[in-house]
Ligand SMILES: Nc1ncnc2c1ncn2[C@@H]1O[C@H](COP(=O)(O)OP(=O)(O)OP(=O)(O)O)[C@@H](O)[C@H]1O
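Below you'll find only one chain, the form predicted on its own, shown as structure tokens.
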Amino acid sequence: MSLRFVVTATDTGVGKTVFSAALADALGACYWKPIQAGLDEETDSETVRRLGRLPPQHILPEAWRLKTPASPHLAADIDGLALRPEALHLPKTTSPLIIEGAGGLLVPLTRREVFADVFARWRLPIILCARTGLGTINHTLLSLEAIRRRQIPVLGIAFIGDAQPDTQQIIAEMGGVPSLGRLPRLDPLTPDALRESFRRHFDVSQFQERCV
């Protein structure tokens, strides 16, 4: 059995790709982004490889690479492709595996199916990345409701941003989930700074103890 996690977020731009890079580095994991929308700038896979200093073989190829930077359902329409969520099968690897979704849980892959529906089929534990800023309580608790309605296991919440102890506490208590730690915004964001910050703010053992 190996460590396998889905990293998702309450919204787009939360910082789940940076978190994924740090976690993949800490666990010596492979990384898989099933769907990449937008190819003009550095892709999420390229970002994770750079920040996590992962070997090339630990970056697994995307199932679909869409040129248009938009929600996958719209990007696929514009690019003239048909996404088939039922064709997304978990890659086999002997290393731990970090899977990153696109945007939040209810981002549409097609006009009938969202990412959370795919996660429900996989039944892998979710790590939910959440901002610590204003509005995050509502967004995070709603995301947890969407997860639980589909009976997907949740490992816990990874907060990203400045420390907000009361916000972090009430989300953990009302959401009934563990707070895994908080990754501060880093400037400059370098591989060394990310590795050190992750080690300082997260207990790696809480990820290593969960096998699926």
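As the structure is a computational prediction, the values presented were derived from the model and not from experiment. All residue numbers are counted from 1 along the displayed sequence.
In what follows, reference is made to the form predicted together with the named molecule, a form of this protein that is not presented.
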{"property": "Listed residue that, although the named molecule is not shown, lies within 4.5 Å of it in the predicted bound form (heavy atoms), from Leu183, Leu144, Ala29, Ile171", "result": "Leu183"}
{"property": "4.5 Å heavy atom contact, Leu189 to the named molecule in the predicted bound form", "result": "yes"}
{"property": "In the predicted bound form, Gly103 touching the named molecule (heavy atom, 4.5 Å)", "result": "yes"}
{"property": "Proximity of Ile157 to the named molecule in the predicted bound form, heavy atoms at 4.5 Å", "result": "no"}
{"property": "Contact segment among 134 to 142, 95 to 103, 78 to 86, 119 to 127, judged by heavy atoms lying within 4.5 Å of the named molecule in the predicted bound form", "result": "95 to 103"}
{"property": "In the predicted bound form: members of 37 to 72 within 4.5 Å of the named molecule, any heavy atom", "result": "Asp44"}
